[in-house]
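Starting off, we have a lone chain in the form predicted alone, written out as structure tokens.
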């Protein structure tokens, strides 16, 4: 398989377009409803685009559905994709069964990474989690995936759902903590810049360690009650942040004692 239609125009579709453009694969078309984003993604992929289902290119080997989780099933069932084609969605928490059974070669093609419009990532380092409805074409799909990434992993939908949940904790929730940290330092008249070296070192230590638990630091690890009480006092006007602080501190103390 080599010829791909990218369906969607969001952050992941853009990243896929960039990755395909510098690989041995060929993007033959971008299908997107958004008239502003569709042409942008198509230019990155080096192909044309359409928003008209009747003009969907029927010659592709793989139709890669990179849309929001809630739209996967609708897009897969309504677009006039040839029944003999391979069809894959890119959603981490959506089961394989979201793609209709009329497609004999249906799959999940989930790149686990955070994607942002206008930001280039090294796709070769991103783990791609695969699942298929048939073992017969697994080698073909894996060969295609390895043209984009050096790390390809086969999982079922249940495993992938847990991977996606882990990603939410490690990425989305961690970034939310950065935002809270920014809010707190700004309340002291300082800029978010002061936290960036700390964030970089924390992430680097977690990546280098056997387990992130091995490099956990802070007052909760030491059960430093006076310091934690002072912190909670500084959050008197933000009871929601007090609750977050207390719950996470309890989790850190509980898991630290198990080591």
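Keep in mind it's a predicted model, so treat the numbers as computed, not measured. Residue numbers count along the first chain shown, from 1.
The form predicted together with another copy of the chain is left out here; the points below concern that form.
*Would you mind picking the one in 40, 56, 199, 28 that has a heavy atom within 4.5 Å of another copy of the chain in the model of the complex?*
Filtering the options by heavy-atom distance leaves 199.
*in the model of the complex, which of the listed residues (161, 98, 130, 79) lies with a heavy atom within 4.5 Å of another copy of the chain?*
Spelling it out, the residue with a heavy atom inside the cut-off is 161.
*Quick one: does residue 222 come within 4.5 Å of another copy of the chain in the model of the complex, counting heavy atoms only?*
Close contact exists here: in the model of the complex, residue 222 approaches another copy of the chain to within 4.5 Å, heavy atoms only.
*If you check in the model of the complex, is residue 2 within 4.5 Å of another copy of the chain, heavy atoms only?*
Heavy-atom contact with another copy of the chain at 4.5 Å: absent for residue 2.
*With the partner left out of view, is residue 248 within 4.5 angstroms of another copy of the chain in the model of the complex by any non-hydrogen atom?*
Residue-level check for residue 248: yes, a contact with another copy of the chain.
*Counting only non-hydrogen atoms and a 4.5 angstroms cut-off, does residue 188 reach another copy of the chain in the model of the complex?*
Judged by the heavy-atom cut-off of 4.5 Å, residue 188 is in contact with another copy of the chain in the model of the complex.
*Heavy atoms, 4.5 Å, another copy of the chain in the model of the complex: which of 99 to 107, 169 to 177, 131 to 139, 80 to 88 makes the cut? Say which one.*
It is 169 to 177 that comes within 4.5 Å of the partner.
*Can you tell me which bits of 216 to 247 touch another copy of the chain in the model of the complex, meaning any heavy atom within 4.5 Å?*
216, 217, 218, 219, 222, 223, 224, 227, 230, 231, 234, 235, 240, 241, 243, 244, 245, 247, in sequence order.
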